[in-house]
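Starting off, we have a lone chain in the form predicted on its own, written out as structure tokens.
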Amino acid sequence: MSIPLVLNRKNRILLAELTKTDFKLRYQGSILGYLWALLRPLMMFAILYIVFAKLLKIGSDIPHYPVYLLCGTTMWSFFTECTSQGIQAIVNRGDLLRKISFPKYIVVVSATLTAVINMLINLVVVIIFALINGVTPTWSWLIAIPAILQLYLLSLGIAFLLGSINVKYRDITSIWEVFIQALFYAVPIIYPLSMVASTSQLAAKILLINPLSQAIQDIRFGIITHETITTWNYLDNIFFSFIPVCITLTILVIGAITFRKKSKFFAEEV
């Protein structure tokens, strides 16, 4: 089984139906329902803002820091939801895989697209919050589009890779949850990268080569403030700017190949 770039009509319909089903089931039985798609990242933002911005006074030198922080937490929530749901997708849809023959990758893609829907809803809130905070819309907002696409491809690659391993070794889910908690502090979400750069330029460059950090910084640069440190305005060599993109594509390719090889055994192992 291969993972084609273009879906035929039958698979497109199946992907759309699975995505809608995943989105509905995510909030089924809750009192607030779909509002949780907005409330979870907003609650996370509120806690981080009070603790780090108000109490610890972090980010005071960053223009529109509340929006800066909200944008970071929104993209982080998208990444964590996309990877977590994608990793568990095959296991969660085991009954369907045993009954119907269809391309297995559709299950993972549908789970990640549910995260995309939530992210787009929250991105609207970020934009509204940015306008209220005095951010002026410019053409640079378009920079966010390829950065978000890169973040999705990175998440999808991780979901393919770890999701295919998780079918046989269910510990992967727990290991990823622990890893992602540590990763949160290794990515400039709550603290500006300029704070790291003022202490160690080498550390800032290492953090910036991380594709997750690079994508989030690019989105902040495009939507919020051009004072945001990015690969192209901070790294000495312009070719270093392509490292995060190359890492993203490498993870996606390795994940797709691994998924393709292991997918033939999913029905037996799930």
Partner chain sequence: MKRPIGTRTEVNTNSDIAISVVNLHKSFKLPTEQAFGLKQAIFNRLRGIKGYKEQKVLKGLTFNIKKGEFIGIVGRNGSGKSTLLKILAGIYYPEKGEITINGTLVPFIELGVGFNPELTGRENVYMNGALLGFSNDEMDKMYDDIWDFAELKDFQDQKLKNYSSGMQVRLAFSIAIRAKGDILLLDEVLAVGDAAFQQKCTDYFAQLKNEDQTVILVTHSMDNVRRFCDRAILIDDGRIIIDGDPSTVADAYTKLWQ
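Numbering follows the first chain given and starts at 1. The shown structure was predicted, so the numbers you read here are calculated from the model rather than taken from an experiment.
Although it is not shown, the form predicted in complex with the partner chain is what the next lines describe.
- Contact check for residue 132: no non-hydrogen atom falls within 4.5 Å of the partner chain in the predicted complex.
- The closest heavy atom approach of residue 184 to the partner chain in the predicted complex falls outside 4.5 Å.
- Contact between residue 179 and the partner chain in the predicted complex is not found at the 4.5 Å heavy atom cutoff.
- Looking at residue 18, you'd find a heavy atom of it within 4.5 angstroms of the partner chain in the predicted complex.
- If you check the partner chain in the predicted complex, you find a heavy atom from every one of 10, 13 and 171 within 4.5 Å.
- Considering the partner chain in the predicted complex, the lone stretch of 92-100, 195-203, 121-129, 145-153 in range is 92-100 [heavy atom distance within 4.5 Å].
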